[in-house]
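In structure tokens, one chain follows: the form predicted on its own.
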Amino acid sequence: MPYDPSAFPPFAVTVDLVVLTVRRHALCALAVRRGEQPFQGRWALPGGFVRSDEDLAQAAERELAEETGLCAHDPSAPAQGNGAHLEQLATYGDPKRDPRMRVVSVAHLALAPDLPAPKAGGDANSARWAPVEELLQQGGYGRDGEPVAPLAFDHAQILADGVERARSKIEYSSLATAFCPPEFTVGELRRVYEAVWGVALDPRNFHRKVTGTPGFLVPTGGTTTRQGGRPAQLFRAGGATLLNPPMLRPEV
């Protein structure tokens, strides 16, 4: 039988972004308030429909740039001030996830150092950084006295999956450095681990582990007093992508 496109129901493809950063020692995600139906007025993850002339990576990079002004960082290139780690997270295709039509979302995870206040774009009328624990709390999310409601679509599940991906990957990879500026102290890196994992870590033990892991950190030769107190040695991310031994997450 010849192929007949009309024999198959149409569906759309979107990209949704879990954009994580560490602000005020807390793991935060970018949330946007929807300005249009469906779920008008509800908080959601940023994202949008894939255009006919772009692939999934291009769509995710475009949405990231529009929502945050960040560019996806090429691991083989030198670190950029406006670069962010971007990777594909998972695909979500429940037939009822979008009331408009059948929509399959390919979610992406983006990690970046502390970012300025976001600007809403597309079909969003406001945007903000919010602690992930507040976004994922039972019953939903609300701010400044507004009604509490779940995140739009299946975005709570997507966000939870993105947070767990980040928490697990910093155990065995150098991904935690994506939350740091190009040059950082061991103390700043430790606060990233504490924010992502939600635990307190022993400073001396952490220093010994990260400086003793081959290829994880490279001294820059400089120091800083931006955290107060005595000058602290500055490091940059080394060439290692996998950590051996891994940084095991403490049991809570």
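Just count from 1 along the sequence shown to find any residue number. All values reported here derive from a predicted model rather than from experimental measurement.
The form predicted in complex with another copy of the chain is left out here; the points below concern that form.
> Does at least one non-hydrogen atom of residue 148 fall within 4.5 angstroms of another copy of the chain in the predicted complex?
Heavy-atom contact with another copy of the chain at 4.5 Å: absent for residue 148.
> Could you confirm whether residue 231 comes within 4.5 Å of another copy of the chain in the predicted complex, counting heavy atoms only?
Output for residue 231 is no: heavy atoms all beyond 4.5 Å of another copy of the chain.
> Could you tell me if residue 49 has a non-hydrogen atom within 4.5 Å of another copy of the chain in the predicted complex?
Residue 49: yes, in contact with another copy of the chain in the predicted complex.
> Check whether residue 85 has any heavy atom within 4.5 Å of a heavy atom of another copy of the chain in the predicted complex, and answer yes or no.
Contact with another copy of the chain, no.
> What is the one choice in 127, 176, 159, 106 with a heavy atom within 4.5 Å of another copy of the chain in the predicted complex?
None of the others qualify; the residue that does is 106.
> Please determine, with the chain shown alone, which of 217 to 225, 24 to 32, 51 to 59, 192 to 200 has non-hydrogen atoms within 4.5 Å of another copy of the chain in the predicted complex.
That would be 51 to 59.
> Go through 169 to 186 residue by residue and record those having a heavy atom within 4.5 Å of another copy of the chain in the predicted complex; state none if no residue qualifies.
Residues within 4.5 Å: none in this stretch.
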